[in-house]
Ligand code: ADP
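Encoded as structure tokens, the following chain is the form predicted alone, with no partner shown.
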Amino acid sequence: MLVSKIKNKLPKKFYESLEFNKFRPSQEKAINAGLLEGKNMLVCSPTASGKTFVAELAGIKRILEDGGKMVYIVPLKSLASEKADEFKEKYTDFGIQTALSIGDPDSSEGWLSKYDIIVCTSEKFDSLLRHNIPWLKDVQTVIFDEIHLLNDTNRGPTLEIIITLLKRVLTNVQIIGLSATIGNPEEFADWLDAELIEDKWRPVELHQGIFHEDKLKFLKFKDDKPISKTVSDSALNVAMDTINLGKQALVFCPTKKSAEATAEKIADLINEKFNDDLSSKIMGSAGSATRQCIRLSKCVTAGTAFHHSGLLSKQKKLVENGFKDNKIKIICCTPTLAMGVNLPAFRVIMKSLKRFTGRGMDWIPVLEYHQMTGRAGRPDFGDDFGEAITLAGTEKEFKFIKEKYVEGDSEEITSKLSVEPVLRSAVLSLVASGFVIKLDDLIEFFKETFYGQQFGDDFGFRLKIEDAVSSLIDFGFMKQTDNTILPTKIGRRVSELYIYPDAAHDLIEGLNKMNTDFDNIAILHLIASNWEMYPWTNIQKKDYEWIETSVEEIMDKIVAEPPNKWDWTYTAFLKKCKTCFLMNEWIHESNEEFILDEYNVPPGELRNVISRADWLLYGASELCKLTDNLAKVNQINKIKLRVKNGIKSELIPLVRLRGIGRVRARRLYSAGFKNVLKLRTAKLDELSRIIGKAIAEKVKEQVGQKIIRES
């Protein structure tokens, strides 16, 4: 379809901004199905096929014509940042303002009312709904990127509740779901009340192959290709072949450890060394250069890198940009990168299609395989095709991969809303936000969910919802009179804090058991034991002895009762204790290098632990105010500040100043500047030598001294 065909259906400046003259197949199908007339859409087409612009066509048109808002929901914060930057670049000149909202979940963020496009994660938008955002009525277009994640146990229920709520509350909203592949698209589109748009067109062809017995076997796609066998590891041989072709590749590995080792082995095979500048930036990206920083830096020098949750955000960004700039040829990564930022590569190499699930190594879903293979092929680099290559060790494995993944269909999406803690959270959020106040209406709401569509005729459907209500009443979070259900004051606060009801109940129970003069380790252990902190820090065989000894030393201070050693929960208990000791190490100013060496926790994972603990400590402080635990608030807030900054208590006054973190605070304290009064009387030159002139000037201004800068 020519763009000129819809000239009269788009605002003039939007139409004139389009830099192409022909729509892609999925875009044409969506337009013909009523996209520009406001119909809901479920668009299933490959990566880079133009799905996102289908959503933009509808959303930007409605913003310019009607002044309504567009909400763009993605699964990851990194992806949200990328999309927000993209929309700002494309649409700011139209007078359209784009906002990124991925921060504090206990905030309605009133400033968002001034923006036309709001990009956020599903969890953040769910949090906004719980705060009764006044601008919800202005939302006319909602896009769910990677909507197939409704099938995910963690993210799915949140998506499902949001979609059901929007369909119920906003009569004029246009919902657009985007996905590369869904196993039951007709059923899913029916629930969305959407037109189903399916298309297999890609801007570059995708050749799927299996590497077996030193050959790339492309099956029906093209002729087989032999690969030079340099070493015994197939992944390394295929990666080196990619480099010799002058191309780039993503190598998906099953674990973080595997990603790091594979990147290092490829780097060892590369003779040329370059990227000294990028390597230096990697080394300086953490507070202290850990052995992980050193390993990554050495890889980058040779043009390889690893990428996983153990890296700091800054390090991930450096690796991603290095790949985009063609300075890094090979990234060895975990599967989470498949739904992250846009990093297309000529080749995608699946080192293994298995993943550790807690019960051992299991085969990944077909849907996840398609997410990874979709990264192959780079239209912006002029590639005519991309190659997705899976490694098979045996003939039996070759046949299995061929039938299940290359030729097989994706799994069907099924609702994950019936899991009890998830269901209780959904019920509380609906009641606490005032969207539902009658039990019968609550039942009707869940009938409108995808869960209701799939299982609404099940005998246990109503019983599960009534049990969830009963549990919330037992927790003290809701009350019921006849058919009316209302939140209690504490129940409403739990919902706003975005803490699972079960986790909040455990937190309250623990806080009630703690003495007023509790030891710091008591609150750290209570926080570490909360299941909102999952996944807990892994333990190794060598950890058991020292953790058990350390636990004995704190037993008189913590409120938890340890299970018997032969109980199946014992290992989980030790993981929680190790997480507690990790946080205690952090607030005593141990650096990232020491923590990595002693706890085997890399900086990225440490920051994740600290972030979750910081939020739970805030929640604990807020819940104390509503549960006759006011005397504990001040101590909890001090611990929160120490956890957030990784400091001893003596540095608290200093880190309250903007621009002063744990390192600068310790420098000031060691130099004798231990409080605000000392800083107020300090000479600017003296402070500048310790923390730099720019920061010193800001500090002096904060403590009440006016700085006259040279013009």
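This structure is a prediction, so every number in the text was calculated from the model and none was measured. Start at 1 and count along the sequence shown; that's the residue number.
Another form, the form predicted together with this ligand, is not on view; read the next lines as being about it.
Contact between A48 and this ligand in the model of the complex is found at the 4.5 Å heavy atom cutoff.
In the model of the complex, K22 approaches this ligand with a heavy atom inside 4.5 Å.
The closest non-hydrogen atom of Q27 lies within 4.5 Å of this ligand in the model of the complex. Contact check for Y669: no non-hydrogen atom falls within 4.5 Å of this ligand in the model of the complex. Heavy atoms within 4.5 Å of this ligand in the model of the complex map, among the stretches 660 to 668, 681 to 689, 51 to 59, 640 to 648, onto 51 to 59 alone.
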